[in-house]
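Read the single chain below, which is given as structure tokens and is the form predicted on its own.
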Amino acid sequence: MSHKHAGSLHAADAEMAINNARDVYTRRQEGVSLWVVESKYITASNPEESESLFDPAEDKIYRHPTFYDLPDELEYI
């Protein structure tokens, strides 16, 4: 299962961040693992550069296997 961004929160330290994240983002038993990262360690791409960053992948059709025939009994693919 992949991790996905659920939101942001404030905490004084890493332990408090895990506890706050648990309380806020796993109320309905939907989580099995948490990652917390200080925002100063996050680097994001610039949306204005998305064309040069992501367009080269369009010519690599093998990255999107939409042309394969898969058996019906396969799930989650």
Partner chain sequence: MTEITSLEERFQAKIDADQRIEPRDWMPEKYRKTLIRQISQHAHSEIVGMLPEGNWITRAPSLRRKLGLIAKVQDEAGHGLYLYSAAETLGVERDELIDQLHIGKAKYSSIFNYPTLTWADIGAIGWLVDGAAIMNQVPLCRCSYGPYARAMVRVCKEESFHQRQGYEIMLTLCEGSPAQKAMAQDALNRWWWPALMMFGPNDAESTHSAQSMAWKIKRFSNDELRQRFVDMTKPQADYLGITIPDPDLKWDEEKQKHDFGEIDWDEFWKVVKGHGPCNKERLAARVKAHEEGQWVRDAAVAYANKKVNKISNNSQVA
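Source: prediction; values computed, not measured. Numbering follows the first chain given and starts at 1.
Keep in mind that the form predicted in complex with its partner chain is not shown, yet the notes after this line are about it.
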item: Non-hydrogen atom contact residue 39 with its partner chain in the model of the complex at 4.5 angstroms; value: no
item: Proximity of residue 12 to its partner chain in the model of the complex, heavy atoms at 4.5 Å; value: yes
item: Residue contact check: residue 46 to its partner chain in the model of the complex, 4.5 Å heavy atom; value: yes
item: Interface membership of residue 16, its partner chain in the model of the complex, 4.5 Å heavy atom rule; value: yes
